[in-house]
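Only one chain is included here, represented as structure tokens and corresponding to the form predicted on its own.
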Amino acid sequence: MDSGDRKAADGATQPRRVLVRRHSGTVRVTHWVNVLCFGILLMSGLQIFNAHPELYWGHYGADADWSFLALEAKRGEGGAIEGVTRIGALEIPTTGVLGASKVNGEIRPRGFPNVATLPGFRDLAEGRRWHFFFAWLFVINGFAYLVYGFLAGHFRRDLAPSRDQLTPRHLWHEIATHARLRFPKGEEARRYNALQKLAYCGVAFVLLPVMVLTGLTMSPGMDAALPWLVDLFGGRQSARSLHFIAATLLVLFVVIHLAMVFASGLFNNLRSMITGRYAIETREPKS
């Protein structure tokens, strides 16, 4: 339909806002349980990371070993404590945020600041209790979602990209329209777009399994029961680094996801994830 035909068609119709069913009850419940679990796992995980804020590769990692990432505190001019984020040989001043931040009004060595950890004060044992309890809840919730997704056809029907959505031309078109904050409308809004499907599949089938498996690999008890896990990731320190990297990618996904939720309509998206109903705009003949 060319622009002239489209204008003629638009002139003969009028917009109509309708509510369509977009999210099942299982998807909504598991989504909000995931929100709770991920928030607590992230903050308690940063508390655990602060006990030794460096990342290594391989089987070993201690003070004498070379780390490829470190959140360090050093003495600067006048003896003041300064935070430094080191990536390889590159050092970036990050005082107040990473490496050294305020504790009771004074700058002290601390990987991540108190506001980002659970609990806020330094307590490794408490952080581990929070982390392990919600890790099991997270695994059970994820397993329930996977069972539902396969049995109810959710993955095949809602998340598997169609062949036409995977063409380079279509993907580039979606990237360009998203960059200009233009989102699908009408019938196209009934289903996830290709970028959403690829992102959700990447999270559900790559990042979250990596998080779970690398988390298990760091457990000495699991290493004894499943020694192949350590070999799979090339060492316990490699597993710890991959755990951190996967968590960072999940945080990046959440930031982009929230930005898109705000840009495409906060109320409509929140309603769909609470009630399951999503509003789309269609056109109907003028009466």
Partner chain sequence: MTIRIDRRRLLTGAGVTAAAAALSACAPLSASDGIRSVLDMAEQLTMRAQRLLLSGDALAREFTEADLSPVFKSNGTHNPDDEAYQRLAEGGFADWRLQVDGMVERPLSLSLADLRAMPARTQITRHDCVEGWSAIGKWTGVPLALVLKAAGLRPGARYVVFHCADEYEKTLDGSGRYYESIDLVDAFHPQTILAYGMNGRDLPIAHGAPLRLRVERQLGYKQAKYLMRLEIVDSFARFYRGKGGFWEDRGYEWYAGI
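Bear in mind the structure is a predicted one, so any value in this text is a computation, not a measurement. Residue numbers count along the first chain shown, from 1.
Below, we turn to the form predicted in complex with the partner chain, even though it does not appear here.
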| message | in the predicted bound form, does every one of His59, Phe134 and Pro220 come within 4.5 Å of the partner chain, counting any heavy atom? | response | yes
| task | Determine which one of 185-193, 201-209, 141-149, 119-127 lies within 4.5 Å of the partner chain in the predicted bound form, judging by heavy atom distances; exactly one does. | result | 119-127
| request: Consider the chain as shown here, without its partner, and state which of Val27, Leu69, Leu36, Val254 has a heavy atom within 4.5 Å of the partner chain in the predicted bound form. | output: Leu36
| query | Taking the shortest heavy atom distance, is Ala51 within 4.5 Å of the partner chain in the predicted bound form? | reply | yes
| Should Arg240 be classed as touching the partner chain in the predicted bound form when contacts are defined as heavy atoms within 4.5 Å? | yes
| query | Taking the shortest heavy atom distance, is Leu258 within 4.5 Å of the partner chain in the predicted bound form? | reply | no
| said: Within 4.5 Å, heavy atoms only: does Thr275 come near the partner chain in the predicted bound form? | reply: yes
| Mind listing which residues of 222-244 have a heavy atom within 4.5 Å of the partner chain in the predicted bound form? | Met222, Asp223, Ala224, Ala225, Pro227, Val230, Asp231, Arg236, Gln237, Arg240
